[in-house]
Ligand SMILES: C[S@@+](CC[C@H](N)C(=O)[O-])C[C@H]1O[C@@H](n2cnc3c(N)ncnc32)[C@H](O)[C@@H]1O
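Given next, in structure tokens, is a single chain: the form predicted alone.
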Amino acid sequence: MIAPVPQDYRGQVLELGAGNGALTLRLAARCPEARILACEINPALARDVRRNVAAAGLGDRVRVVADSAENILSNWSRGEGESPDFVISGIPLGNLPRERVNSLLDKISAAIQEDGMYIQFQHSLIDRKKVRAHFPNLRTLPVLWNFPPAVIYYGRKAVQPNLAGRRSGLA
């Protein structure tokens, strides 16, 4: 899921729906120079993530916020913080009402850098058209070894030229 994030990446990553922090810790280990904001709406899970981040000694570059993705993204779109190059989400879009999914995707698209990438983990393809409407350059990969099987969306706002040498290292 996090393979597109270069190991030497030094920018901002926003993780939505951090859950227990397993992906947060893997991302921090893979990208030791990245700054990560992990958002988890469930206060108990957010406490677990904070505890795991502290135990791993990552508190200086991983921040955990117990708030909704919508609130975090709204703050970002008002210019509060460096726009992320990567937004990684485990939010179960298929469990949300259509209006909320569209609102969330609008906010992700507004918050992310123009050449950034949206990465979404899902257990169904039900929202693929909605994601493509916001991120026309979309790849969908199956994760068959996951139980139940899942998919990962890798989306960009537009077809990207070769970005080799750019600060984000996106290609």
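All values derive from a computational prediction rather than experimental measurement. The first residue of the sequence shown is number 1, and the count goes up from there.
Not on display, but discussed next: the form predicted together with the ligand.
Undergrad: So, residue 22 and the ligand: in the predicted bound form, are they within 4.5 Å at any heavy atom pair?
TA: It does: once the ligand is placed as it appears in the predicted bound form, residue 22 has a heavy atom within 4.5 Å of it.
Undergrad: Does residue 17 reach the ligand in the predicted bound form if we count a contact as any heavy atom within 4.5 Å?
TA: Residue 17: yes, in contact with the ligand in the predicted bound form.
Undergrad: Is residue 91 part of the interface with the ligand in the predicted bound form - any heavy atom within 4.5 Å?
TA: Yes, residue 91 sits close enough to the ligand in the predicted bound form that at least one of its heavy atoms falls within 4.5 Å.
Undergrad: Can residue 69 be called a contact residue for the ligand in the predicted bound form at 4.5 Å between heavy atoms?
TA: Yes, contact at 4.5 Å.
Undergrad: Sort through 41, 143, 133, 56 and report the residue having a heavy atom within 4.5 Å of the ligand in the predicted bound form.
TA: Going through each option in turn, the one that passes is 41.
Undergrad: Check each of 125, 45, 138, 110 and return the one that places a heavy atom within 4.5 angstroms of the ligand in the predicted bound form.
TA: So the residue touching the ligand in the predicted bound form, by this definition, is 45.
Undergrad: Which of 61 to 69, 125 to 133, 111 to 119, 27 to 35 has heavy atoms within 4.5 Å of the ligand in the predicted bound form?
TA: Stretch with heavy atoms near the partner: 61 to 69.
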